[in-house]
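Consider the single chain below, provided in structure tokens and representing the form predicted alone.
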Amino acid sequence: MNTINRRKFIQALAAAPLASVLTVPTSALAAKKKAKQVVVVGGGFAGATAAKYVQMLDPSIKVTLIEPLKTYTSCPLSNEVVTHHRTIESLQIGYEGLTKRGVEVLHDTVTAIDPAKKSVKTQGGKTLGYDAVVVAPGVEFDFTGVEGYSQEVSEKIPHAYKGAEQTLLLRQQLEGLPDGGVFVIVVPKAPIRCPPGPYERAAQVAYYCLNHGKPKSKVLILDSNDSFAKKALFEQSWEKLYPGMIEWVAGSAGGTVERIDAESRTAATAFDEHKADVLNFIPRHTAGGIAKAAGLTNEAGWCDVVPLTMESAVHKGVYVVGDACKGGTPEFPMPKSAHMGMTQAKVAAGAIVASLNGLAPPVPYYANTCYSLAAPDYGFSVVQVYRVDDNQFVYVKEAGGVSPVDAPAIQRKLEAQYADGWFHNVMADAFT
């Protein structure tokens, strides 16, 4: 009977997630002596993962990651910073892990990508050539479309949907919420990054109020959408944990905000005006500005990609991953989440390494796991899987799933613990 060496078995098991997106003969990689250059624009979950995995899959490739910030602050679990369950430092990490792997990390801002010349220019005056470029700019906010709102106003009326400063500002404002006060969350039309984020935030704000002497306070969600991710699970948690504290108004029921007054913290819809003690206005999202400048975006402001490789549908040799890209199907669009961005980055890395070594791209699967915390010990999740058929995204409904609505308390507690474990794993996977 054949036996398997324990060490080899563990090594094979550890490599399984990577094998799902790339199978490249090592002999073919070794045969390529000429150094190729890959530039990665943006150092979030998706960009960092792309840089790491290209370097791991073919160490002969020179990989340069360009990112203006020296410290990355995670958006996943940042709602727990707002409500004092987690510190901002626990969400932060540097790029030393990528440097140790051989990735050159350049702290600069990309100002132009030239697909014809295959070059990238930076604010610091550098011009880098590339054989392939990965664009992972995340999202930027559209500050137009709502009367009274602007980028300047966002410095007083925080979105807390990107970066440490905004998250800490919203936490400070929540601390000043009086008992009996109203915390208003304004949700833009989808798609947005972390689709469950505003509804998780509502639950955690209610948790904070109950545990910090503000039990008479209310949370009002004014939503431009008529439904949202994990809706049944959130509504169950709101009713069970925070009865009477959280109200959700759908877009068709008057939830779409048309005007705000920053001084009085008033949000007005076509039907009513809502006075807030804390106004958390989340603006509409589009792909990061460098993607637009490079001509990678469609009319809706997102980047179309080739499902088999994550290569731009517009420019050859340019790969777009993470929140900036459009993927999935009209009925089941890919969520703009950290986990999905990392999966896309691994697919792109596999496709790039294969292409630069004269090989066909591997056939990928895309997977997403998203945890939501309605309280520190109350979590639930969703898993989504996509395959590629005839170079089209196909949602594999039977491969995914969502936490059951009527799960016992122990499952909610375990899923909250799994969320913490998931976070540490994805941070390590992307940045170390």
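From 1 onward, residues are counted along the sequence shown. Computed from a prediction, not measured in an experiment: that's the story for all the values here.
Separately, the form predicted in complex with a small molecule exists; it is not shown, and the next lines address it.
> Applying a 4.5 Å heavy atom distance criterion, does Y199 contact the small molecule in the predicted complex?
Contact check for Y199: no, nothing within 4.5 Å of the small molecule in the predicted complex.
> Give a yes or no for T99: in the predicted complex, does one of its heavy atoms lie within 4.5 Å of a heavy atom belonging to the small molecule?
Close contact is absent here: in the predicted complex, T99 is far from the small molecule, nothing within 4.5 Å, heavy atoms only.
> Though only this chain appears here, would C194 touch the small molecule in the predicted complex if you measure heavy atom gaps against 4.5 Å?
Output for C194 is yes: heavy atoms within 4.5 Å of the small molecule.
> Taking heavy atoms and a 4.5 Å cut-off, does V257 contact the small molecule in the predicted complex?
No, V257 sits far enough from the small molecule in the predicted complex that none of its heavy atoms falls within 4.5 Å.
> Only one of 400 to 408, 384 to 392, 56 to 64, 40 to 48 gets a heavy atom within 4.5 Å of the small molecule in the predicted complex; which is it?
Among the candidates, contact is made by 40 to 48.
> Do all of V146, P188 and N225 end up near the small molecule in the predicted complex, with near meaning a heavy atom within 4.5 Å?
Checked in the predicted complex: no contact with the small molecule for any of the three.
> Which listed residue (V103, V318, V305, I290) meets the criterion of a heavy atom within 4.5 Å of the small molecule in the predicted complex?
Of V103, V318, V305, I290, the residue with a heavy atom within 4.5 Å of the small molecule in the predicted complex is I290.
> Go through S312, S217, Q204, S78 and name the one with a heavy atom inside 4.5 Å of the small molecule in the predicted complex.
So the residue touching the small molecule in the predicted complex, by this definition, is S78.
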